[in-house]
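Just one chain is shown here, as structure tokens, and it is the form predicted on its own.
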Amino acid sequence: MPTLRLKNLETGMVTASDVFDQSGRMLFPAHTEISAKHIKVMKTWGVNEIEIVGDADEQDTLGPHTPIVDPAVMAAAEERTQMLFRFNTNEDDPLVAELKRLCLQRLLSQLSEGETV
């Protein structure tokens, strides 16, 4: 299941999982065909990315198949992630590893869109 940034969504795509706003309220259930109205609602409620049904090897996915990123942006995101987890003493914990991966993913998304972190 690829994860796409909101700006890369197109009408007709189908959500692979439930879509929630930033406060945890469900906006749409899984398997919803995305319309222009859905995209507008997600923008309004601060949704930045969602999982869609499709090929996980698509160019624009996040996660393990992260698109090519400017090395300077990657270095900045990795440095920020390390700083955020500087008090973590358990590098082998799978939960911490997943949190770090998600943090890096979000930072890359924000930095790629020109936001400062």
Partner chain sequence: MRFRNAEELIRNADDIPSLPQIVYRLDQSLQDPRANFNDFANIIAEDSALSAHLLRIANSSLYQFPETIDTVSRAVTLIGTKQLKELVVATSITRLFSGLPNSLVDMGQFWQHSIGCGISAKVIAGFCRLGNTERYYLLGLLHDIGRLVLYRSYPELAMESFKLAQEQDTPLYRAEQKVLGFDHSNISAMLLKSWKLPMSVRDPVEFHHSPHDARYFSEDAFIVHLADALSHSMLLGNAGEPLIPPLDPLTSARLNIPPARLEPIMQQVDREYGDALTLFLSATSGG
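Numbering follows the first chain given and starts at 1. Rigid core (definition): largest C-alpha set, two forms, superposition within 1.5 Å. Here the structure is a predicted model, which means the values were calculated and not measured.
FYI, the form predicted in complex with its partner chain isn't displayed, but the following is about it.
The candidate spot formed by N48, L84 and E98 lies fully in contact with its partner chain in the predicted bound form, as each residue has a heavy atom within 4.5 Å of it. Remark: P94 counts among the residues lining its partner chain in the predicted bound form, judged by a heavy atom distance of 4.5 Å or less.
Within 4.5 Å of some heavy atom of its partner chain in the predicted bound form lies at least one heavy atom of N88. Among heavy atoms of V19, none comes within 4.5 Å of its partner chain in the predicted bound form. At the 4.5 Å threshold, heavy atoms of M13 stay clear of its partner chain in the predicted bound form, well away from it. Taking its partner chain as positioned in the predicted bound form, the residues of 4 to 30 that bring a heavy atom within 4.5 Å of it are, in sequence order, R5, K7, Q22.
Comparing the forms between this form and the one not shown on their rigid core, the Cα displacement of L95 reaches 2 Å or more. The Cα shift for L107 between this form and the one not shown, taken after rigid core superposition, is 2 angstroms or larger. Compared with the form shown, the E49-E98 C-alpha separation decreases in the predicted bound form, the change being 3 Å or greater. Between R106 and A36, the Cα distance is greater in the predicted bound form than in this structure, by no less than 3 angstroms.
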